[in-house]
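Two versions of one and the same chain are coming, encoded as structure tokens; call them structure 1 and structure 2.
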Structure 1
Amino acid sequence: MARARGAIVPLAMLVFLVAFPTLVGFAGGGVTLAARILVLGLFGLGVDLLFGFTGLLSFGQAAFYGTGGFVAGYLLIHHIVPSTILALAIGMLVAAVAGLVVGSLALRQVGVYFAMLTLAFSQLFYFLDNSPLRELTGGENGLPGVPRAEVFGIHFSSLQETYAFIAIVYFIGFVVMRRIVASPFGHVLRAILDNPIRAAAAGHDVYRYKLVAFTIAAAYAGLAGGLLGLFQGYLPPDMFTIDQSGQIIVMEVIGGPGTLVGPLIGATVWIYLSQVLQNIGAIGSLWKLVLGLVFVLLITGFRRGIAGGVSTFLQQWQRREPAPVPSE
């Protein structure tokens, strides 16, 4: 019974991923929009592990998003690695190593200091990409010509097929992340979120746990970066910017931290606000102002975002029935 319950969420996610382009289509978007949202959703899974489950607010995740993207893209463009999967994996690995290095320095501090340091380190990556590594990364021009995915002889050449590829990767990432947060490791992270001092007193090496979480988040960011290259065919240098780091944080908070699907919801809201409002002449340029106001309102009043609000509502609604035995 418990196992059957555990399969409901992944199944629902699978159904959702299949239906998503159609839903986006009804709402006036294309499959590109759906793919973009999924990439950010995957990126956000790592951010949610960091912020939603561990309480670490990193303002430098763009560094790993860009690193993973550019490494994978470079390998594919220059045919250094024949397989898409291998290139994505190497990009992910390099991003994870970068995360390990940055994390080992930034995690020496907590709270405000940690946020400032991640931001500063991501600027280091931005400037590395822009100047000294210009020859490799294309500097301000970015990297064009990333080929579409090819796995075991199957070509994901059209946009629809690329969406399918991204959806498969997202699904695997989602299921793996569900396992991570449900594992004993994930429980320690939540203990750190609740009270780092108590977690340390209980004998957990808080720094090590945070570092592992930070590295995993960097790996997710790197993988998402690689996927962006696949469907855009192009890697823009602004993957490394502060705005990119801020964007994913805003999506996380709007969607709902600690819910895993939060960033997906946040990304949908962000992208729809920018696309839909932009088409309404007079207030088109104000979409980001609206977003900023919504964001401040959510932090001030509804700390758990959209997904958190919905789940609270559902729990209260369920409570009318006889209370079920807690499954955990």
Structure 2
Amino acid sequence: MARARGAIVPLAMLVFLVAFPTLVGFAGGGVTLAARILVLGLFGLGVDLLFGFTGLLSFGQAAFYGTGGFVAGYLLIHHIVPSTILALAIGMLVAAVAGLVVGSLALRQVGVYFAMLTLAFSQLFYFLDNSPLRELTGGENGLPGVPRAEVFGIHFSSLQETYAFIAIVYFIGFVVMRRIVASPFGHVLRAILDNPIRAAAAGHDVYRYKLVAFTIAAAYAGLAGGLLGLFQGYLPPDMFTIDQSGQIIVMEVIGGPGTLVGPLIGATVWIYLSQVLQNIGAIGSLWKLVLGLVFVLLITGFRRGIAGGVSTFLQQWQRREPAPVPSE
């Protein structure tokens, strides 16, 4: 029975991913918008592990997003590796190693000092992309010419096929992340989130657990970066920017930290509103202001994000006792 209940969420996610382009189409979007949302949703899964389950606010995740993307893209553009999966795996691995190195240094600090260190490392990666490594990364021009995905001889050439590939990778990433947070490792992360001192007193190496979570989040960011290149055929230099790190945190907060579906919800709201507001003539030039106001309203109306707010409402509704029957 428990196993059947545990399979409901992945099955529901699978159905949703199949129907997602159609749903977005009804709202005035399309396959391109749906694919972009899934890429950022995958990126956000790692951020959710950090912020929602461990309590670590990192402003440097764009560094790993760009690293994984540019490594995978470079390998495919120059035919260094023949396999799309292998290129994505290498980009993901390089991003994870970068996360391990950055995390081993940044996690020696706590609170705002940790956040500022991740911000500093993000700026460092942005500088490396635009100066010393510009011959490899293209600098401010980015890296064009990333080929479409090809797996076991199957070419994902059209937008619909590319979306299908991204959806498959996202689904696998979602299922794996669910297993991570439901494992004993995930339970320790929750304990660290609630009270790191108590978790350390219970014998857990808090620093090591945080470092593993930071590395996993970097790997997810790197994989998402690689998918962005396959989808767009181009890797933009703004993948490394502070703005990119800030936006993924905003999406996380809007959707709901610690829910796993929150990043996808937040990415949907943020990207859809960004595109829709820009196309409205009366407020097109003020779209960022309006989007900021919408963000404020969502945060004040849903203190745990949209997914967290809905979850809280359903839990409270289930706990409501039936009204007593009046006696005659």
Partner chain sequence: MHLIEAQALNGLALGAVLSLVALGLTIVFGLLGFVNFAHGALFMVGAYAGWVVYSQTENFFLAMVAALVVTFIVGLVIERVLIRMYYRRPPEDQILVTYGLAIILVEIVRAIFTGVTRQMPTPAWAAGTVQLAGIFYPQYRLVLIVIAAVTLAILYVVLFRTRIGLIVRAGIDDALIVNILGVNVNRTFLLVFALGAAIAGFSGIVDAPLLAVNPDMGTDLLVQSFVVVVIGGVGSFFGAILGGLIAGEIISLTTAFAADYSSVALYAAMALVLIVRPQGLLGVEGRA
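Just so it is clear, the structure is predicted and the values come from calculations on it, not from any experiment. FYI, numbering is relative to structure 1, first residue = 1. Here, rigid core means the biggest group of C-alpha atoms that superpose within 1.5 Å across both forms.
Visitor: Have a look at both and say which one is the form predicted alone.
Guide: Answer is structure 2, the other one does not fit.
Visitor: Align on the rigid core first; then say whether the Cα of residue 28 has moved by at least 2 Å between structure 1 and structure 2.
Guide: Residue 28: C-alpha displaced by less than 2 Å between structure 1 and structure 2.
Visitor: Is residue 56 one of the residues whose Cα moves 2 Å or more between structure 1 and structure 2, with the core superposed?
Guide: No; that C-alpha moves by less than 2 Å between structure 1 and structure 2.
Visitor: Is residue 265 among the residues whose Cα moves by 2 Å or more between structure 1 and structure 2 after superposition of the rigid core?
Guide: Moves: no, less than 2 Å.
Visitor: Keeping the rigid core fixed, what distance in angstrom separates the two C-alpha positions of residue 300 between structure 1 and structure 2?
Guide: For residue 300, the C-alpha ends up 5.5 Å from its position in the other form.
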